[in-house]
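First comes one chain, alone, set out as structure tokens in the form predicted alone.
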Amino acid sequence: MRIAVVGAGALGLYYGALLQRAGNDVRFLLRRDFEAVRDRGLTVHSINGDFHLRDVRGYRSAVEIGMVDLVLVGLKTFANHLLGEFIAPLLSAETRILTLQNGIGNEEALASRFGAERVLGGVAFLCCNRGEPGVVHHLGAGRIVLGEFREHDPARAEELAASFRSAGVECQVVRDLKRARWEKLVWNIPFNGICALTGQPVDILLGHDGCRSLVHDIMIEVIRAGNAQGLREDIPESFAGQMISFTEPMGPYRPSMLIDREEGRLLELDAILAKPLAAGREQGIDMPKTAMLLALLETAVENG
């Protein structure tokens, strides 16, 4: 399968490397890593075993990549205004688009530009950071839950999941993609948000009674907002405890939003916090602690 990775950060590089190692023709749209990957290839340091790909197909523009079978989107959501430029040259009549981006609203953005029948969405439960250019550190997890944005051809999602499984990635197909999105937000909103605000990794938050309680309270707010969105099946409030237990073995993991803030980059506040908050409010769900977290992050960003 010919695959284009658009948004080759930690997530895109990691999954793209696994898919290439499994025999797929993977083409990476690269910026900061272009020279390093061209000269030295791509290195993955992983809890599942390190590996190095010497010959990696990296490109500076989507036009150079050409048409592919699958576009894997790992682009940060604040760059979604570039979707047309980055994806349109990659599309044939049969090309599928899979977004593994954070937050909500990404499938809708892709569908409005390229047609809902092409679009699949996925949620990646992945602990992965970039190192020096051309190097990725896989620290834990990696499971993907994916589904179609609009039910079109169920076999298509299963085929795609099988490709990930062949590459060594645990991958599950679900009918309720919206529920999977909100389940990820249960983790993303408190941990990405509070870690970015405080400058502390996840283990410090969980080791402090007040922060641990705040994480749990925000998770409950997100679960209640998600359950008001017309999910096929509600997310139980016990899921908050499961997500905290899932996080405890991560140790001093630094979520992507914390790293982005430390490095002076834009934060994915809209997709990860503002849109879920608005969706909850539209359904009459009060999320005061989530709203406070967003307000504090916006103030911190505005004032450096």
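Fair warning: this is a prediction, and the values are worked out from it, not measured in the lab. Note that residue numbering follows the sequence shown and begins at 1. For clarity, a rigid core is taken as the largest C-alpha set superposing within 1.5 Å between two forms.
Just so it is clear, the following notes concern the form predicted together with a further copy of the same chain, a form of the same protein that is not shown.
- Picking from 78-86, 203-211, 114-122, 167-175 the stretch near a further copy of the same chain in the predicted bound form, with a 4.5 Å limit on heavy atoms, gives 203-211.
- Taking the partner from the other structure, a further copy of the same chain in the predicted bound form has no heavy atom within 4.5 Å of any heavy atom of residue 45.
- Although the partner is absent from this view, residue 21 stays clear of a further copy of the same chain in the predicted bound form, with no non-hydrogen atom inside 4.5 angstroms.
- Remark: residue 198 counts among the residues lining a further copy of the same chain in the predicted bound form, judged by a heavy atom distance of 4.5 Å or less.
- Within 4.5 Å of any heavy atom of a further copy of the same chain in the predicted bound form lies no heavy atom of residue 186.
- For the residues 254, 52, 40, 261, the 4.5 Å heavy atom test against a further copy of the same chain in the predicted bound form is passed only by 261.
- With the partner removed from view, the residue among 161, 223, 194, 97 that has a non-hydrogen atom within 4.5 Å of a further copy of the same chain in the predicted bound form turns out to be 194.
- After superposition on the rigid core, displacement of the C-alpha of residue 131 between the shown form and the other one stays below 2 Å.
- Relative to the superposed core, residue 254 undergoes a Cα shift of 2 Å or more between the shown form and the other one.
- Core-superposed comparison between the shown form and the other one: the Cα of residue 115 travels less than 2 Å.
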